[in-house]
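This document starts with one chain, in the form predicted alone, laid out as structure tokens.
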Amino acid sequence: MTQRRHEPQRADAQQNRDRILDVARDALTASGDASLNSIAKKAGVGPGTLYRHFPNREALVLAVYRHDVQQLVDSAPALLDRHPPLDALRLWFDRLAHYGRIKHGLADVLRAAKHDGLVGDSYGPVIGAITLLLRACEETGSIRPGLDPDDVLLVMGFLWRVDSGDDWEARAGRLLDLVMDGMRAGAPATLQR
């Protein structure tokens, strides 16, 4: 039997994969015990289709995690293209907050996957996105200069600890406002006023 080289997926196969990832993210966030068959059913595909893309639960969970991180990272330059840097930074933090909530919901599943290097693989790109946003804000004088992207990410870690009750979004928003106020304190643009 000859092996086929890795070829790009057909458009319908890619659509199925993307739909499975979207459904899996929601299902696993709601319950770490969501079955693969229930995910396939909600995605409108057969179990065989799901297993062709993701041969086991761990592969699916890791793919959801990587997909979400990549979308988060890719959104930074797109936000800078459409918004002033300070607004782009806040919007990106809002996305990080949402991602933090999803990650919190997937935490038990990710721990069970025990995939070495998973966090390390995502850390660099996330720090790169934060660096891009911070530097753009520094150039406009809208935040104080010299903020360390690693420190900013560490501070943003509070998002993973906000209770996911009814007021989660409002509370995360208030906390993000505090972070933004802290970054603006001493900014050249605010000192000129």
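Note that the rigid core is defined as the largest set of C-alphas that superpose within 1.5 Å between two forms. No experiment lies behind these values; they were computed from the predicted model shown. Residues carry their position along the shown sequence, with the first being 1.
Heads up, the form predicted in complex with the DNA isn't pictured, but that's what we're talking about next.
Heavy atoms within 4.5 Å of the DNA in the predicted bound form are found in one stretch of 151 to 159, 33 to 41, 132 to 140, 59 to 67, which is 33 to 41.
Residue contact check for R174: none of its heavy atoms lie within 4.5 Å of the DNA in the predicted bound form. Residue contact check for D12: one or more of its heavy atoms lie within 4.5 Å of the DNA in the predicted bound form.
Although the partner is absent here, R144 lies well away from the DNA in the predicted bound form, with no heavy atom inside 4.5 Å.
When contacts are judged by a 4.5 Å heavy atom cut-off, A27 does not count as touching the DNA in the predicted bound form.
Relative to the superposed core, I130 undergoes a Cα shift smaller than 2 Å between this form and the one not shown.
In this overlay on the rigid core, N56 has a C-alpha that sits 2 Å or more away from its partner position between this form and the one not shown.
In the predicted bound form, the CA atoms of D74 and R19 move apart by 3 angstroms or more relative to this form.
With a change of no less than 3 Å, the CA-CA distance between I20 and L79 is larger in the predicted bound form than in the form shown.
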